[in-house]
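The chain that follows stands alone, in the form predicted on its own, written as structure tokens.
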């Protein structure tokens, strides 16, 4: 897949799944098998827990994370002790998790390990600073849409989005949900000087009323942008440009966003996100199976980007 070279051009990349079992681990394994860990120092971690053999909800088998020889990884001390590989410890972070401090090690042979690293954007930033001092060329972060802060441009330089049949058994719904998420990820950067804008918190009560009027306005929203707040903006001043830090601050439904757009409003970001690839898993643990080629083509037509089937291509040479 051509996005491997795009990954190598970055210092940090987040892998984000729109739902459990959409092929994110398969995608991570595909990437790890093809990265030149013999020539570059590459470290991988997870903002949650990844690498279990069984899904805790569906009780179905899950692919384990396979770390190639020479790959660096960071995980909680408990999971480091349970690793299925030989490794050398290179760093013991002061970053704490419920499962112990975060351990960074280098695999001496290929094997499996569960990953559970820093659990917040701030902790991830500290982790990245720490492993950067170890001379890492690339940092990979296994994330999730429910904790999308890992893909914020304030944390990682680029991202890969995984979606698939586990998101919806209804193909049009799967396409619509994924296309909307891609649209939010690719929102344009604002052209205004954000330092001159009035700041309003979505939790700030009547603050929006003091800033907005009948004339078009530009509003800088700190924190999250929600449906409830966007509805208020639509009612008060529908032609407003709402500026947020980045796409990870958006918690919107398509219905509310489309009404805002139709009335002349727009959302822009202070920091754009580089989306390297969209990958799909056409199967789900519940037995749903889409035609891979049709799914990839249909989604690609909607988002205007190449779409890759990580399951179909996972073990290709």
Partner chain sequence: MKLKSLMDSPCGLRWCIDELPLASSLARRRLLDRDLYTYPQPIRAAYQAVLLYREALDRVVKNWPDRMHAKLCNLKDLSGSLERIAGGLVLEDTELFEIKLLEILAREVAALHQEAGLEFDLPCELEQVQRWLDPDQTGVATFYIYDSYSPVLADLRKQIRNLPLGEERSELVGASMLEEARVRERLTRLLAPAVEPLRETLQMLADADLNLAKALLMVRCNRVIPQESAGEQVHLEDFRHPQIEALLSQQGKAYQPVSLSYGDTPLLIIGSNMGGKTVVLKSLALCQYLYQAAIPLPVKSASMRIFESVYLCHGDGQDLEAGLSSFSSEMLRIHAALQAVRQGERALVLIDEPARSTNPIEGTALVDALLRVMGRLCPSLVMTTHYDLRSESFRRLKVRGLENGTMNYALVDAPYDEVPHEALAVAAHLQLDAEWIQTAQNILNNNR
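Numbering follows the first chain given and starts at 1. From a predicted model like this one, the values you see are computed outputs, not experimental measurements.
Beyond the structure shown, there is the form predicted together with the partner chain, which is absent from this document and is the topic of what follows.
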Counting only heavy atoms and a 4.5 Å cutoff, which of 181-189, 218-226, 91-99, 120-128 contacts the partner chain in the model of the complex?
91-99
Hey, in the model of the complex, is residue 241 touching the partner chain, heavy atoms inside 4.5 Å?
no
Quick check on residue 69: any heavy atom within 4.5 Å of the partner chain in the model of the complex?
yes
Does at least one non-hydrogen atom of residue 245 fall within 4.5 angstroms of the partner chain in the model of the complex?
no
Close approach of residue 154 to the partner chain in the model of the complex, 4.5 Å, heavy atom
no
From 166, 230, 175, 103: within 4.5 Å of the partner chain in the model of the complex by heavy atoms is 103
Taking the partner chain in the model of the complex, which residues along 233-264 bring a heavy atom to within 4.5 Å of it?
none
